[in-house]
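The chain below stands alone, shown as structure tokens; this is the form predicted on its own.
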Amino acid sequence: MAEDIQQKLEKYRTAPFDARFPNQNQTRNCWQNYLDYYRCQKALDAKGVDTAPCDWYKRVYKSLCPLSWIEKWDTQREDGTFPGKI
């Protein structure tokens, strides 16, 4: 499974179409992939499993989200004031 994910990551260019977010505005897609990345990290770390599969979410949110949003959310997570449920 990890090999399949690594192959997909190597071919990755930008965020693929996601049927959950069919509209032109990709704000919710950005937010959801940011949350999914940290939820995935938390879940796999708790199991003691390799977190490489989570990199997909990170690459997607990095291509969709403005850097200022990511920096703000990272700061909020560090301060314990992040509004999302991770």
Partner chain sequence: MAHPTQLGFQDAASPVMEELLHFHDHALMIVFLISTLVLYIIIAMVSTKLTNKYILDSQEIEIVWTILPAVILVLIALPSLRILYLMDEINDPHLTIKAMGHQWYWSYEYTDYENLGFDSYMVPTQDLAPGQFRLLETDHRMVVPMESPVRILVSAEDVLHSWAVPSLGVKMDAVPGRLNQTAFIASRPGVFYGQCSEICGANHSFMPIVVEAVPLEHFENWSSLMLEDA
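Everything numeric here is computed off the predicted structure, so don't read it as measured data. Positions refer to the first chain, counted from 1.
Just so it is clear, the following notes concern the form predicted in complex with the partner chain, a form of the same protein that is not shown.
Taken together, Phe17, Asn25 and Leu64 are fully in contact with the partner chain in the model of the complex: each brings a heavy atom within 4.5 Å. Heavy atoms of Ser68 reach within 4.5 Å of the partner chain in the model of the complex, making it an interface residue.
Although the partner is absent here, Cys54 is not a contact residue: none of its heavy atoms lies within 4.5 angstroms of the partner chain in the model of the complex.
Contact check for Arg59: a heavy atom falls within 4.5 Å of the partner chain in the model of the complex.
Interface residues of 32-51, taken as those with a heavy atom within 4.5 Å of the partner chain in the model of the complex (partner not displayed), are absent.
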